[in-house]
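Shown here is one chain on its own, the form predicted on its own, set out as structure tokens.
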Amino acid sequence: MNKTSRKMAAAPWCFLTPYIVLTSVFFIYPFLNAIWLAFHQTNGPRSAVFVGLSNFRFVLGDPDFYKAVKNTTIFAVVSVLIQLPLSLGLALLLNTGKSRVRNLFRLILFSPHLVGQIFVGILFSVIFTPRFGLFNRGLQSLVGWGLDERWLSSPGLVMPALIIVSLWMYVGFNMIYFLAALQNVDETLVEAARVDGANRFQVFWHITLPQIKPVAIFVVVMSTIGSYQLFELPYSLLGGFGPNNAGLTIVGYLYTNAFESGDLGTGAAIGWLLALIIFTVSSIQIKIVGTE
């Protein structure tokens, strides 16, 4: 093999090397290390003792884990059921508007997503302040209720507060996906359906919805995954996880065990259980929605 041939053979590896190095450092090594950690008990980064399945047995026997799963599942279900119809409704409204108005409202509705969850948590911790908070003031002005409600110190109101904040952040974000899908709907089919006498609902249900279905499945699955990974928002909004751990999520439970307690092995076990939950829920969603 001459010098030119060797250079040509080495060229692809030169382009692949950065990807291989980055993947090995930031994916393969953490992945393998997480498997190893899940079967060890640690006391800091340099102390590890093999304990087999004890970490998993501890987590599955801890009532706080099931509370975290319950809180996270409630948040995920309610957020998705409220958030996605709102996002789709806004996308339908903006899809029929004038271009300049549509772009302006798209920017306004999308902009909350550009703000980090920590900042949003701190902002809404002020908004939900009793008596003088903006949210309670608004409720008092509109319906005469809410002035003395302590949203963030009442266990029954912590989850509604989290859902309200998440709606503010993510409705506009998901709206962009739906709007992009709506703009790719075949208008000839829509016009043909209208000529045949179909009303708006029939056009949407039989023409528009089937064409945006792949995007809708993607949004549902990604929103669910994001909901199960919730951590920064409740931690910053509540200054922890709220009264009686009403805002404790699975990732929050992982953080408490792995970093506050210092046992990275238990944290790794929680992480793998979370991965299993997300994989199972996502697979069920794809199977159910994909067969309709």
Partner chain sequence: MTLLLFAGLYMILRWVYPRDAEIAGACLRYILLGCAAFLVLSPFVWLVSSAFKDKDVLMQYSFLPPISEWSTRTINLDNFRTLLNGEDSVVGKVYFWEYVVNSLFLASAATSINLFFTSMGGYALSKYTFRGKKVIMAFMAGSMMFPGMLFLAPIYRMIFSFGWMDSYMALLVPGACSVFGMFLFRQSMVAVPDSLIEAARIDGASEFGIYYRIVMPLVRPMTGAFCLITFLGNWNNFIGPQIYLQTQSKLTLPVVLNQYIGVYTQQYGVFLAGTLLAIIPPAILFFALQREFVAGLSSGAVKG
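Numbering follows the first chain given and starts at 1. Quick caveat, the model's predicted, so the values are computed rather than measured.
Beyond the structure shown, there is the form predicted in complex with its partner chain, which is absent from this document and is the topic of what follows.
When its partner chain is considered in the predicted complex, only one residue from 176, 203, 161, 220 comes within 4.5 Å through any heavy atom, namely 176. Listed residues 246, 69, 251, 59 were compared with its partner chain in the predicted complex; 251 is the one with a heavy atom within 4.5 Å. Heavy atoms of residue 274 reach within 4.5 Å of its partner chain in the predicted complex, making it an interface residue. Taking the partner from elsewhere, residue 28 is found to have a heavy atom lying within 4.5 Å of its partner chain in the predicted complex.
Taking the partner from the other structure, its partner chain in the predicted complex has a heavy atom within 4.5 Å of a heavy atom of residue 259. Interface residue remark: residue 109 is counted as part of the site for its partner chain in the predicted complex, having a heavy atom within 4.5 Å.
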